[in-house]
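Form predicted alone, single chain, as structure tokens, below.
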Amino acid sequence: MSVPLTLLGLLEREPSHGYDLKREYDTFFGRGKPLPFGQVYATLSRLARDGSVVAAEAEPGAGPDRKRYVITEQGVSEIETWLTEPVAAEPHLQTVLFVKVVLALMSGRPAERYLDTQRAEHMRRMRELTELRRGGSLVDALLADHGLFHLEADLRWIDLTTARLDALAREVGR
């Protein structure tokens, strides 16, 4: 995920303080991995340096003075370009799980154990996401569906790989 472009997209709606941008980012995009405050302000500083945003005069607040950031025409152009570009399809041909399976087979270890452990973890995560989908907002449901579809594809791969372990072991030289 591109944090700078995401923050620009949030700023396109309305000028905001860094604190408000972090809160919105975390609400919509930071599930399970909130954006650190330091990253927000470092990113805003770079965006200002590059001319994508400007910081208005600092406003007094309950704590330190707060700057309201405003997107520039250049920033709007960057967002428009980014939104129209397709996301590269990433086949992930060398995932960590694949590497573990091949290395296990190469060393004579039981690769099926790793696949079973991963399957159990995927099933646990799918239960969590299903609960989120049932009890959450539309945003939660859509994010949960996205995760579930990826996990389902991984589970199909795990099942296929498990069925082919003997052939794979012969190919990698066990």
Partner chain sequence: MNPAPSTAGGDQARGLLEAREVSVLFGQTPALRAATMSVASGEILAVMGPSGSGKSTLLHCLAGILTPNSGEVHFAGRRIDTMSEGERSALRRDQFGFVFQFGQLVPELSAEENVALPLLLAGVRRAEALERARSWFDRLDLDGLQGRRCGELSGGQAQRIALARGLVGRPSVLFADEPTGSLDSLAGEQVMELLVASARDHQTTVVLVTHDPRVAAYADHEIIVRDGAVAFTARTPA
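Nothing here was measured: the structure is a model prediction, and the numbers come from that model. Residue numbers count along the first chain shown, from 1.
Below: the form predicted in complex with its partner chain, not depicted.
Enquirer: Quick one: from 120, 56, 42, 106, grab the residue that has a heavy atom within 4.5 Å of its partner chain in the model of the complex.
Expert: Partner contact (heavy atom, 4.5 Å) among the options: 120.
Enquirer: Are all three of 130, 152 and 155 close to its partner chain in the model of the complex, meaning a heavy atom of each within 4.5 Å?
Expert: All of them do, each having a heavy atom within 4.5 Å of the partner.
Enquirer: With the partner left out of view, is residue 126 within 4.5 angstroms of its partner chain in the model of the complex by any non-hydrogen atom?
Expert: Yes, residue 126 is a contact residue.
Enquirer: Can you work out whether residue 162 and its partner chain are in contact in the model of the complex, taking contact to mean some heavy atom pair no more than 4.5 Å apart?
Expert: Residue 162: contacts its partner chain in the model of the complex.
Enquirer: Taking the shortest heavy atom distance, is residue 140 within 4.5 Å of its partner chain in the model of the complex?
Expert: No, residue 140 is distant from the partner.
Enquirer: Mark residue 50 yes when one of its heavy atoms lies within 4.5 Å of a heavy atom of its partner chain in the model of the complex, and no otherwise.
Expert: Taking the distances in the model of the complex, the answer for residue 50 is no, it never comes within 4.5 Å of its partner chain.
Enquirer: Only one of 26-34, 66-74, 42-50, 110-118 has heavy atoms within 4.5 Å of its partner chain in the model of the complex; I'd like to know which.
Expert: Careful reading of the contacts points to 110-118.
Enquirer: Hey, the CA atoms of residue 146 and residue 37 end up closer or farther in the model of the complex than in the shown form, with the change being 3 Å or more?
Expert: Pair moves farther apart in the model of the complex.
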